[in-house]
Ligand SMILES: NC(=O)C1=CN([C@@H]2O[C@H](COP(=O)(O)OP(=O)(O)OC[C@H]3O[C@@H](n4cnc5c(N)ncnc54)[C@H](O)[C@@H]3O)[C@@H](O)[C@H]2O)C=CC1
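A single chain, nothing else alongside it, follows as structure tokens in the form predicted alone.
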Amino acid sequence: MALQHNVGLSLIFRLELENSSTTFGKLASIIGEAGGDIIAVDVIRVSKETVIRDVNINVFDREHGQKIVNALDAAPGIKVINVSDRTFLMHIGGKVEVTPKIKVKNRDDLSRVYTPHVARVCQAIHEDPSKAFQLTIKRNTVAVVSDGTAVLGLGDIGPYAAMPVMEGKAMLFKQFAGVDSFPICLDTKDPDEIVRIVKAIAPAFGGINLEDISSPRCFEIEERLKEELDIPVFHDDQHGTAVVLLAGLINAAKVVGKRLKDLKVVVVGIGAAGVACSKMVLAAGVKNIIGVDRVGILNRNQDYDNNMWDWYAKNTNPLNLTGTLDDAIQGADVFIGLSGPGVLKVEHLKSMAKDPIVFAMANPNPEIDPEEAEPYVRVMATGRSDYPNQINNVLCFPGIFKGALECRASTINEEMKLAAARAIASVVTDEELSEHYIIPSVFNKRVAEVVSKAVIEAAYDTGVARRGDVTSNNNF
């Protein structure tokens, strides 16, 4: 059965129509003939002569929307007053807000949440800084930090334009795991300054989620912050992607009846996510990983300007293959794409091993069109929500931070990430598992809870959980 994908844009057309029994029928006919899909209709205002209606229409893109506008404008008795993009409407004024947990109802309440009685709480934290985890928002709050240099598929669009993404991330933290977070977009690209700023704001937060920072700067920034802070620092573009990818790969391997240690895996796009995914797959037991980037197959015969590529060449590609993707893909069991559209061809799929697994995760356009790949692939996954098997970081970061915060972990280590991946994979039962369902839905409420519990257990097993270190809860 061919895979279907949804239209990409939802528009609200505010229309003035002649108050006639035939006008709406004409309206619906025009929209249908133009390829639009009417989702909802609301009456705004009615007079004897006219009716103002809001008509919600799904279209493929802006060009398609303009085609419908032109068709409606040309029709007698129909006037287009305004067209609004529903996505833009959801962003008006921002998507997050700060609300108090306690209502200040009288002067006594005011004196306890603020001056003068708050001074005793401040003094308690001054005498024992660890009490900040008990007595402030630090215990359940994450900073979502970006410099806007690698936003989604848009690239370096700057800190102002990055804010809607970071706000969305803050919403997801709260909705899926009950974790409070705040978007912080920095107007600097200097790694030294980013590290300095994040260290300076760290007292207010229990964890740092780095987001959309370009490679290779992101590696240095994360490593330095992990060394210099005693709270978890997690670059989600690297590790969140890697955790969810591994969860999908665990289940995809079950579907095709192959063991992880026997897989030949080709990774295209050796940037931040590509490196992290490769490290995670190696840690899970895969032995034969071949990395391909614009210079071809990364191999030990070459010296690279990129230090991470040097590391990659030394720690992957056990047969030291050289050449291009054409050479690497021969007999491969798994393709992992973190690059761009059009990289993977049908000819490549035909040269892979039996029952190939393809993770084409470039967004918004994957390395190969899923409909084109379907006849040649046993298991297909993308980064998109309109195809089966979406590799989405939302399955990882809420639960992994929830667990890390609950046990007051000092870091998020490899064992915690592996535990998270296995937990995500476990949510899909053997009865549910199939080619089109290797990864749970982002709306599966079990995911964050299962992940957080697995992360807590791994944190205690590896000695990075600190909640048991609190010897006294005496605040006097």
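In this text, the rigid core denotes the largest set of C-alpha atoms whose superposition between the two forms falls within 1.5 Å. Just count from 1 along the sequence shown to find any residue number. This one's a predicted model, so the numbers in the text were calculated from it and none came from an experiment.
Same protein, other form: the form predicted together with this ligand, not shown, and the subject of what follows.
Although the partner is absent here, residue 150 is a contact residue: one of its heavy atoms lies within 4.5 angstroms of this ligand in the predicted bound form. Although the partner is absent here, residue 363 lies within 4.5 Å of this ligand in the predicted bound form, judged by heavy atoms. Although the partner is absent from this view, residue 312 stays clear of this ligand in the predicted bound form, with no non-hydrogen atom inside 4.5 angstroms.
In the predicted bound form, none of the heavy atoms of residue 328 sits within 4.5 Å of a heavy atom of this ligand.
Remark: of stretches 233-241, 130-138, 254-262, 106-114, the one touching this ligand in the predicted bound form is 233-241 (heavy atom within 4.5 Å). Note on contacts: among 356, 370, 269, 159, the single residue with a heavy atom within 4.5 Å of this ligand in the predicted bound form is 269. Between this ligand and the residues 294, 174, 300, 91, the one pair within 4.5 Å by heavy atoms in the predicted bound form involves 294. Contact here is defined as any heavy atom lying within 4.5 Å of this ligand in the predicted bound form, and by that definition not a single one of 399, 412 and 451 is a contact residue. Scanning 371-401 for heavy atoms within 4.5 Å of this ligand in the predicted bound form gives 383, 391, 392, 393 in sequence order.
With the core held fixed, the Cα of residue 150 is displaced between the shown form and the other one by less than 2 Å. Comparing the forms between the shown form and the other one on their rigid core, the Cα displacement of residue 237 stays under 2 Å.
Relative to the superposed core, residue 345 shifts its CA atom by 2 Å or more between the shown form and the other one.
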